[in-house]
Ligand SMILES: Cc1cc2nc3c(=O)[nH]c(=O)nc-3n(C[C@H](O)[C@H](O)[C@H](O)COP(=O)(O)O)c2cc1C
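The chain that follows stands alone, in the form predicted alone, written as C-alpha cells.
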Amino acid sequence: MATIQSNRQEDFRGMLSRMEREGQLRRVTRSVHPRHISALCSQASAALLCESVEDYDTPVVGGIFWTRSRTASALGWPEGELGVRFAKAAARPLPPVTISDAPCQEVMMTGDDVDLTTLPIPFMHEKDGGPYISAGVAFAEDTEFGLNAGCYRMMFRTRREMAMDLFTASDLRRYYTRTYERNRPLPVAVAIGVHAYEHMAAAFKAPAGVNEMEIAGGLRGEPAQLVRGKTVDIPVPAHAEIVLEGELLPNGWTADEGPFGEFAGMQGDLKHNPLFRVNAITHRRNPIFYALQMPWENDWLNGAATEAACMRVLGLAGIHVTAVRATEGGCCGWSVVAAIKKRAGEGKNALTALLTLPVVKQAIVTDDDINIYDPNEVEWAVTFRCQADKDIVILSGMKGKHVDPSVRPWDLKPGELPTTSKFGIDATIPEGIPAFRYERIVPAFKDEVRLEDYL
C-alpha cells in the first residue's frame, strides 16, 4: 500500500449527515439509557442518533442498515441497484492507501488506562449473555493470505477483555487457528464506526487471500484510506470512530460467549470462543459509538453481496439475468428471487446455479415480465406457471448453517458441520405454453381518460 497525505473522503460522520438530510436518520436529544437503545431503534422509522446517553459522554447511533432504503441511503445508491452496483464494484477492486495522520488516532489510551466500560456498550436482546459490541470490523494479517477484514460480535467480560465469536468457519478463524496451534496470540484491531463502503466490504464473504479493503475501494470508486495501528502493525480504516487494538489470546474455544440474538432473527445458544484482550483504544475526538441492531442491519449488510453473488453464478451458467432480490423473509440471503430472459431449460439451470451458493436455501426463478420486488407478482407466477411435480427442484446433503434450527445442530458431534436440503421453484412460463396464454387484462380505453379529471 502506498502512503499518502490525507485527502477529503466521506467518512462515517459524513454518511450520517447525508442520511439525515435524506430523512433516513433522526436525532434523539433527550437522555437515553444504554439498555433502551435497541428497543428504541426497533420502533423507529429511521436510524437514530442518541446524542445524550446516560452516564456516558459518547453518543450512540443504531439502525443505519435496518431497511433496504436506509442501506441504499448509506451507500448513496438507488434502492433497486444494490446488487448490480455491488457486483460492478467488486469486479473493479482498488488497492487501499495508508495515510500518515489519521482521525481515528486523535486520542489514545494504552495499558492499564484501557477501560471498555467507558464505551456505551448496550445490552441488546432479552436473553443475551451480556452487553455486546455488534458493529466491530476486525482486521488481522496472515503471512500467506494477507490482510483480512470481517464482522464479528464481541461480548463484554472485563475492562480489557471480550469474547469474540469465531465459532463458524471464517478467514479470521483460519488465521487464529494457526497462531493458536503455536500457542501464540494473534494481533487484531477492531474498528467501530466505519463508512458503509468499508463495513459492507468486510461483511462480504470474499475468497481467502482477497483483501476486503480493495473491495471497499471499488465500492467507493477511490482507494480506501487506512492507517497502521499504534500498538499492532495492522492497518485499519483511518476515519473510523473508535479502534480497539489487541490480541486474540491462545485460550482456544473455552470462554463462555452468548447467548446472542442471531442474524436469522432467533435467540442463539451459549457458545465457547476465544478471548480478545484490548491493549489500546484510539478514537476520534468526541467519537460516535455505533450499535448495529440485529437482525436487519446484519442482514442488509449482506443483502447486496448476496444479490451480486446470484448474478455472478447465473452469468457463469450463461443465463441472461435481469433482476435479483434477496428477500426480507429469508433474512436477505437464505431466500432469493431471480428474473431471467429464459431459453429452453434455463429455469432449472438457474435454480441449480442459485442453490450452489452456500447461504441460499430456497430460490424462485421467474420470467422478466414479473416484478420480483412485488410479492404478489411472484406468488402469481408461482401459482400459474408452476406444476409441483415438474417445477420444484429439491437438493439434499448441501452445506447448512448452525443458526438454522431445522438442521438440528444440537445433534451434531463436536466440530461436525451441518448439512441441509434446499429447494427451488421454476416459476417461468413452461416450455410448450405460448406466452399469450399469460397476457394480462387491461381496462378498455385506459389511455383516454384520467381519474383526476373527474374528481
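Heads up: residue numbers just count along the shown sequence, starting at 1. Just so it is clear, the structure is predicted and the values come from calculations on it, not from any experiment.
Below, we refer to the form predicted in complex with the named molecule, which is not included among the displayed structures.
Within 4.5 Å of the named molecule in the predicted complex, a heavy atom is found for every one of 170, 202 and 301. Contact with the named molecule in the predicted complex, judged as any non-hydrogen atom within 4.5 angstroms, is confined among 215 to 223, 106 to 114, 141 to 149, 350 to 358 to 141 to 149. Mapping the unseen interface onto this chain, residue 134 counts among the residues with a heavy atom inside 4.5 Å of the named molecule in the predicted complex. At least one heavy atom of residue 292 is located within 4.5 Å of the named molecule in the predicted complex. The named molecule is not drawn, but in the predicted complex it has a heavy atom within 4.5 Å of residue 153. Residue contact with the named molecule in the predicted complex: residue 247 places no heavy atom within 4.5 Å of it.
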